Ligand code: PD2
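Listed next as structure tokens is one chain, alone, in the form predicted alone.
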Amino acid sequence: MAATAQIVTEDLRRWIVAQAEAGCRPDDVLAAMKTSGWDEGVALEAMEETLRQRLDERGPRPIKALQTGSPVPEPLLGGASDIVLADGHRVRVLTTMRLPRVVVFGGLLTDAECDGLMALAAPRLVRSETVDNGTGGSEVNAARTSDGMFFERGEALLIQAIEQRIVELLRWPLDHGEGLQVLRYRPGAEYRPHHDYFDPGHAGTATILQRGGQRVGTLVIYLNTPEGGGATTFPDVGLEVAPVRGNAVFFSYERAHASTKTLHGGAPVTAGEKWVATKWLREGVFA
């Protein structure tokens, strides 16, 4: 039986405007509409169109509109299953999804490159931290039980080669990316489901965004294949990406909102260790 189309009425539009002008958070308005039976996609489109029209009619007003979408990296695919990059390296396209926007690549790094990156990182590993949303700084968090470190962009020849490959593959400027982060997960270590974007509702976000703006994409590269566990999970869509040495998973998020379906986590490692390198991409120059 076909689903009944949901019609956005003028009464609904007036209600959306009233909630915005009363200072309600967009996430709360969206949650209320979903509770009332509205499809999330229809509700988001209705909110964006209604508030944009309201702003056009009345000029700048203190209406807390839903964040508009930002340009995001879009990988060099072209419908091909294999991509040959400028350095002659061949990368396989294993999986693609539209929502969330996910692309799984095979063979992004060679075994030698994986070994080299782990060797460079190993002496500098410390307990991983997460962003402190209250201050914009960082803190140790029980949700993230790994060891990690950051490379400066271009600090070694191997880093330069990997970064250039990422630039070409994801078609995103080098200076719009954070330095590569390498993480090691020991048995039992995990990273519970989270979003990589910075929540606009948190007090420390304004400070974070001064360096390069919002995050818009993530690339996770697997530097080894753990003996057990360690998949990258996307709970909202039931997707699990196996951690296979040299492979990588990319996902993008055009707005800092759960509608991107990019909630993800690192499942617990059940045997051996898991090593990954993560590249976060920003909407502007990260300095």
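Start at 1 with the first residue shown and count on from there. None of these values were measured; they are calculated from a predicted model.
A second form of this protein, the form predicted together with this ligand, is not displayed here; the remarks below concern that form.
At the 4.5 Å threshold, heavy atoms of Asp196 reach this ligand in the predicted bound form.
Although the partner is absent here, Leu223 is not a contact residue: none of its heavy atoms lies within 4.5 angstroms of this ligand in the predicted bound form.
For the chain shown alone, Pro268 is not a contact residue for this ligand in the predicted bound form, no non-hydrogen atom being within 4.5 angstroms.
In the predicted bound form, no heavy atom of Gln214 sits within 4.5 Å of this ligand. Contact with this ligand in the predicted bound form, defined as any heavy atom within 4.5 Å, is confined among 117-125, 179-187, 155-163, 206-214 to 179-187. Contact annotation for 248-287: residues with any non-hydrogen atom within 4.5 angstroms of this ligand in the predicted bound form are His264, Gly265, Gly266, Lys274, Val276, Thr278, Trp280, listed in sequence order.
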